[in-house]
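As structure tokens, one chain now follows by itself in the form predicted on its own.
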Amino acid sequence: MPTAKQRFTLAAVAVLVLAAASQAAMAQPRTDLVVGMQLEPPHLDPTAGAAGAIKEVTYANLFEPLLRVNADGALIPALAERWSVSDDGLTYRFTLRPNAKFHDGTTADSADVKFTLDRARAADSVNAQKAYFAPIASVETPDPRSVVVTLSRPDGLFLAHMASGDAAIVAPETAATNKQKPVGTGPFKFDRWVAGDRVVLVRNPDYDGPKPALERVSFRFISDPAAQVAALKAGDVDAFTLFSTYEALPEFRNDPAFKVMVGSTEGETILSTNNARKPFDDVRVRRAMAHAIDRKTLIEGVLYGNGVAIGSHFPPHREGYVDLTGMYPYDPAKAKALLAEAGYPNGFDTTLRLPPPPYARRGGELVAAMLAEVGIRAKIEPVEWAAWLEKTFKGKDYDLTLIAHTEPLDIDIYARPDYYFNYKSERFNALNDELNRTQDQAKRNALYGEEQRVLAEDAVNGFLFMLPSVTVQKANLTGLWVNRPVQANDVTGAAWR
């Protein structure tokens, strides 16, 4: 039997071993992450829906397009490791990664790319950005790793469109079930979806590219602003992206356990207007509304100053931006005069439909109050996201609505004949056609400027502000994006220090 001294020594060694093991365990960085989101996606197929929340979960994490956008907004390789463009801008050749596979173990090859692009441009396509694929004349597959896309006309944004979530490459075997059981080629794969609560992704062990540091990522859906703050403080979520409880930011900024990042998005926030419905078919009425809105007060009241005013549908951080915010200064008297000139000296009644995001609900209340000052009596109609998409975006049955359009460089939506603004302009369409044919960036920027001026002159919508990208996260978390050049919560580079 060991002596008392030996027993003491053994006990001391055991304590030291346990302490060392405990310290080693504490030193190991976490491999899980919980990201908070305000909206739950309606499904998880980025090629079949307009809701930004779909791409926020899936872009770069689950699904990969041919190219992708990085944190700086640059185009980088994704499923295609390289590409080339012919001198006439009509032929694009993509070379795919040699060992890319879908999450079900099947090879991702040129046949899948052809299926994806042909499906997106088909007559019965349900792709929210079907116009991205309209210039495609043919898709050829000379071999399993090569894809040759021929366009019917030059498209200066074709590569950017092929880097969007709407162009995520899918397989014919799983395309029909991607809404509920997504199968992509990304570094994470789908684990489970607890409706109303979270979507869980796990690291893809067979991914042929750089492996993420995280083994598991949960996207939790918390719509209530107070609950978002509580979840962060309680540690139930590690980061909250597109955080919109702006009044709580000073508290988080003063807490060393948290880090607050404020960046830019592509989210032009607008008072969307049905240009085909009376009285909004009269440009004088639309200009009157533009003069009735005090953007400075709106930004302070809705975003607590965390926003930038816009005068057209183009982000200030992009090349080609023209500052047109002075075209319609806040001038209620001018607004009333324009309404009287249009035949509405006593104003009129209308409906302002508001989707769930706080910027829309809060912003809508303020906009309605401003419009009321000039005689435009807007009845507020709050709706859930699915109802907004169905009745407003798809059905085009509305008067006014307040929404952020978060697709990058999406000014071309004003040239779409069936878009929900119901805006028709031969002048704008001609500029957009010329832009599509133009490759030179300086010339493209000049055309962007002309397009912005046309939209501002026509006061197509009420151009309000850019939605900021605000992320509140734990201080020892790294790798999340500051800016949001596309709709994405890219966690492929996230890690714990």
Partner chain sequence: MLAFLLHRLVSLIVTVWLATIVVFAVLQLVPGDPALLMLGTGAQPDTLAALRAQMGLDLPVLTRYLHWAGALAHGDLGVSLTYARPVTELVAERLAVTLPLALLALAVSTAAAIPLGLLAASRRGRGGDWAVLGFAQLGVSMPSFWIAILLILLFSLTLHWFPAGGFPGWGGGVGPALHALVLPALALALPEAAILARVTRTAVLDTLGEDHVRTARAKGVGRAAVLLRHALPNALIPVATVLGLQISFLVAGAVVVENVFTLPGLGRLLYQAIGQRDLIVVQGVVVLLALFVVVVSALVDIACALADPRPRAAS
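The structure displayed is predicted, hence computed values, not measured ones. In this text, rigid core is short for the largest set of C-alphas that superpose within 1.5 Å between two forms. Positions refer to the first chain, counted from 1.
Separately, the form predicted in complex with the partner chain exists; it is not shown, and the next lines address it.
For the candidate set Tyr344, Phe258, Trp385, Tyr414, a heavy atom within 4.5 Å of the partner chain in the model of the complex is found for exactly one residue, namely Trp385. The partner is absent here; in the model of the complex, the one residue of Ser152, Ser84, Asn99, Gln180 having a heavy atom within 4.5 Å of the partner chain is Gln180. The closest non-hydrogen atom of Leu159 lies beyond 4.5 Å of the partner chain in the model of the complex. Shown alone here, Ser125 lies within 4.5 Å of the partner chain in the model of the complex, counting heavy atoms only.
Residue contact check for Gly462: none of its heavy atoms lie within 4.5 Å of the partner chain in the model of the complex. In the model of the complex, at least one heavy atom of Ala50 sits within 4.5 Å of the partner chain. Highlighted residues Gln129, Asp197 and Phe393: every one comes within 4.5 Å of the partner chain in the model of the complex, counting any heavy atom. For the partner chain in the model of the complex, the listed stretch (66-74, 464-472, 439-447, 37-45) containing residues with heavy atoms inside 4.5 Å is 37-45. The partner is not shown here, but in the model of the complex the stretch 230-247 reaches within 4.5 angstroms of the partner chain through a heavy atom at Ala230 alone. Relative to the superposed core, Tyr419 undergoes a C-alpha shift of no less than 2 Å between the shown form and the other one. Once the cores line up, the CA of Asp143 ends up less than 2 angstroms apart between the shown form and the other one.
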